[in-house]
Ligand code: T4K
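Coming up is one lone chain in structure tokens, specifically the form predicted alone.
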């Protein structure tokens, strides 16, 4: 255990972990069950093109969420694009900047203009008042993001978009298995999109899905994902190949089998982090509503540099030296990245403040209680002596022999 700043690997001490632990490690599954499904697919000689495993996966996701339709896709980015094509969006699409770049890139790739909107600082999700103020005659839709699995203010966004006659979609990449006012995420807006990337709490190696109760929209999305075949009316885009393979569906089904246990493990991890990092001035673990269901996929901590004397980025570098790979989810925010930064200036003070102060710590079924204890030991030492640590780091010689400058 680290007891003094000199014990930290950043200052020459031994790293706390021999091998890296990092955010987004795949969760443990029943490999025998996966291999059985893969063998069945090979024996069945139906490896893609809406095979039986993909259809079973769609049925299980739809049942889990409580919607009439699930269309599985090869990834979540293309799922967002399918929704945009299926509903013939034009002009501007309002969305948060505090999200993974794929949310914005997906619509920009289609020639649409992402309009970034500020967040509610309490939740990190879209501020419905800011959304209403951002609507113009060119706006065709709003994309909300359930950040870190904490749902948006769904009712408020549904009212704003209904009053304006706009489509409302949700990027629910983080939020499968979560609820808002007791209702499962996946049932809101006109449609929602899940991600089943390898880093997610349910993974299909790589995959996504669109869930909706709109039968016509589901048919159009499914047709567009299969080269446009079966469309009742033609699409100017024609169609694409966005289908989920049987191998991905086999992994997705096996991951769904493991989901209840993974979620319980994640919750135990989250509660341990909360206990270990309690009562540290200037540090807080982002909380979840106690009366809702969560997947606890992310453990997010917020660092106040004015109180701790420690910038988030220096803590990330310090952890990396210990072989703990934390992530800045999400920093820089999308409006601070190209190609958006140079095109339009957005005033998003709440987004920028939160983006600069948060990081995700490792969790998931591959992370043990002892791992968490050691990570928290590093974090407690660094944050409790942040001013001293920063000053010492600034005195370290850089590659040119000059003292380094701490981030800020």
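Bear in mind that the values here come from a model prediction, so they are computed numbers and not experimental data. Numbering follows the first chain given and starts at 1.
Unshown form predicted together with the named molecule; subsequent notes refer to it.
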item	value
Close approach of residue 102 to the named molecule in the model of the complex, 4.5 Å, heavy atom	yes
Non-hydrogen atom contact residue 329 with the named molecule in the model of the complex at 4.5 angstroms	yes
Close approach of residue 171 to the named molecule in the model of the complex, 4.5 Å, heavy atom	yes
In the model of the complex, residue 207 touching the named molecule (heavy atom, 4.5 Å)	yes
Listed residue that, although the named molecule is not shown, lies within 4.5 Å of it in the model of the complex (heavy atoms), from 323, 199, 267, 284	199
Of 308, 245, 75, 336, the one that lies within 4.5 Å of the named molecule in the model of the complex (heavy atoms)	75
Which of 122 to 130, 154 to 162, 172 to 180, 308 to 316 sits within 4.5 Å of the named molecule in the model of the complex, heavy atom basis	172 to 180
